[in-house]
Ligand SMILES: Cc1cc2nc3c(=O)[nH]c(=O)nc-3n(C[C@H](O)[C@H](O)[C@H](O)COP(=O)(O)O)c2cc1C
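As structure tokens, one chain now follows by itself in the form predicted on its own.
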């Protein structure tokens, strides 16, 4: 078979009709006008705001402007992103729930998913009696608020809405939180290739992840790292063994990492950064353990 590259016509849904593009599968829960939770399956939902050291974290959801989901989010400003595990019966039900043109009542009578109340604290937005329910079968959930301050907003002249969803809260099942903190184990995440052939949707199973170390050839000499550390703040001293903890950090990010460590040291009244303190800082979730 020829290994030459050939042109492929770029169609509207290029990510599924003109390419092989793996996407996540999740259920977006929103509230309709009567206060009933609506579930809409989506794959075009990705990280949008990733601000190191900042407080802003957001996803972007691309949905049809006339969909129940988009209209509910614009009206209520809140939703939940429910990440469900890879089970064929769940994917089959997602295809059914994703059929366009149905009301929430028509759609939800076919849902096999179990709803439970939101875990958010505090009162819901004005005009709402509650937050959208969440999906009990999910392995993790992002509870979100639509952020209108960002430029990606519903486009009246377009058939799609680009919704920036600020992440208010992340929850997950105990088993997976434990795996996350230990850095071992992954849930089976369904992967969607979309509505490719006008006949059926295509999914694939999540294979076992594997890790690869940072190549030793990319490590900076510890003396170079210590020079950068010592110059950053004269009031903070670094032990050489502490500097060795960050020799694999790419040079372009080194100053940012040093700044984060120095800030943490000053918050705790520490003037000498030791390897033990670096271990504590590098474990971003140490306070949860």
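On a predicted model such as this, the values are computed, not experimentally measured, just so you know. Positions refer to the first chain, counted from 1.
From this point on, the text means the form predicted in complex with the named molecule, which you will not see here.
S.K.: Taking heavy atoms and a 4.5 Å cut-off, does residue 31 contact the named molecule in the predicted bound form?
M.R.: Residue 31 lies outside the contact set for the named molecule.
S.K.: Spell out, yes or no, whether the shortest heavy atom distance between residue 225 and the named molecule in the predicted bound form is within 4.5 Å.
M.R.: Residue 225: no contact with the named molecule in the predicted bound form.
S.K.: So in the predicted bound form, does residue 98 come within 4.5 Å of the named molecule, heavy atom to heavy atom?
M.R.: Yes, residue 98 sits close enough to the named molecule in the predicted bound form that at least one of its heavy atoms falls within 4.5 Å.
S.K.: Taking any heavy atom pair closer than or equal to 4.5 Å as contact, tell me whether residue 237 reaches the named molecule in the predicted bound form.
M.R.: No - in the predicted bound form, heavy atoms of residue 237 and the named molecule never come within 4.5 Å of each other.
S.K.: Find the only residue in 133, 192, 147, 143 having a heavy atom within 4.5 Å of the named molecule in the predicted bound form.
M.R.: Partner contact (heavy atom, 4.5 Å) among the options: 192.
S.K.: Would you mind picking out the stretch of 67-75, 114-122, 134-142, 182-190 that comes within 4.5 angstroms of the named molecule in the predicted bound form, counting non-hydrogen atoms?
M.R.: Checking each option against the 4.5 Å cut-off leaves 67-75.
S.K.: I have 56, 59 and 80 flagged as a candidate spot, so tell me whether each of them has a non-hydrogen atom within 4.5 Å of the named molecule in the predicted bound form.
M.R.: Zero of three within 4.5 Å in the predicted bound form.
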